[in-house]
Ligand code: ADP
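Next comes just one chain, in structure tokens: the form predicted alone.
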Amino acid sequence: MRRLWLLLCALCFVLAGCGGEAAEKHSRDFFAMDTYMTMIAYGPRAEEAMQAAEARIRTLEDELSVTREGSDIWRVNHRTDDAVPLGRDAAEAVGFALAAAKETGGALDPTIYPVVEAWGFTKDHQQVPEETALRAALARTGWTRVRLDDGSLTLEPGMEIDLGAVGKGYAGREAGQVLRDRGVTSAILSLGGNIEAVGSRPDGTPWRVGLRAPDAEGYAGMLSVQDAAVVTSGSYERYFTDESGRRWHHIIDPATGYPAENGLVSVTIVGQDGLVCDALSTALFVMGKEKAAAFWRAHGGFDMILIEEGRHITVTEGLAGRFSILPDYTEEEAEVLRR
């Protein structure tokens, strides 16, 4: 059921951005990185280019998957030696994840995997872990305890690493570049919650991407983009309800080991680099609205849409004219963050 839901979401994202063009249209659907993916591209070379883009994604899955036996990340987590040599892609992704952890003050932490395992989000059965088990899992985390030297990764005993917060962003960036390198100038890729827009629509107008409503069916709003990545992290994506009726989502605060609870239900990042957008969508969700706004003001280079409980929506000034809230979702106007 979850896979079907993801497929429908992917198709909805893409359909929101298409319509009416006379150019030759090609599409491709497949399952990779634990999600359904959809590509739509235009032009005479689109089919061949999408085939190459899918191959690139599958190569990255083989290298970056935490569960695929033999992948670089699997070898790190099942290591027998102190240092594990990584391939080029894994070394780049790990290096970026560690840099992002430093930049965000640990709000994104690629070593959080033992805690995610304790909550059961890596398998079919989830549970609220006992406090002693959670403390033990937290003791096995900490990005500052990781060393990446000349492509070799060293973790302290008991620690594990996971690139779930950056893997699809990396894949989207690479797949988009494959399309561009093969002459495609108009395409849109939906990789689960990640959108990669190559150029604009064939008629020159921006792609229209639907932003899913976190607490209802359908969309909260529509976003116009071209040649950009759009990545959303939300508490509605993966969660469970305990015996008391309390809901627990999968976005873990590395400081506490518990799901982040700060009033945010959805964070969407828009920028040029899907890898950066992927990392920031998780990190800024963990930070909460005030810290996320401060981070945006201090760093720039991206825009964001924050949806809070109660359907209050905040957008950064770069999206003020490109994002519209659907009246069926809320009649309240978006708050605009300015520098």
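One-based numbering along the sequence shown. Everything numeric in this text was worked out from a predicted model, so none of it was measured.
Not on display, but discussed next: the form predicted together with the named molecule.
L189, heavy atom within 4.5 angstroms of the named molecule in the predicted complex: No, L189 sits far enough from the named molecule in the predicted complex that none of its heavy atoms falls within 4.5 Å.
Do R140 and the named molecule share at least one heavy atom pair within 4.5 Å in the predicted complex? So R140 does not count as contacting the named molecule.
Quick one: is L211 in contact with the named molecule in the predicted complex, heavy atoms, 4.5 Å cut-off? Heavy-atom contact with the named molecule at 4.5 Å: absent for L211.
Is there a heavy atom of L284 lying 4.5 Å or less from a heavy atom of the named molecule in the predicted complex? Contact check for L284: no, nothing within 4.5 Å of the named molecule in the predicted complex.
Spot the stretch among 176 to 184, 197 to 205, 146 to 154, 250 to 258 with residues whose non-hydrogen atoms come within 4.5 Å of the named molecule in the predicted complex. Contact criterion met by 250 to 258 only.
Answer with one of A220, A107, A118, V265: the residue that has a non-hydrogen atom within 4.5 Å of the named molecule in the predicted complex. None of the others qualify; the residue that does is A107.
Using a 4.5 Å heavy atom cut-off, which residue among A90, A165, V84, A228 comes into contact with the named molecule in the predicted complex? Selected residue: A165.
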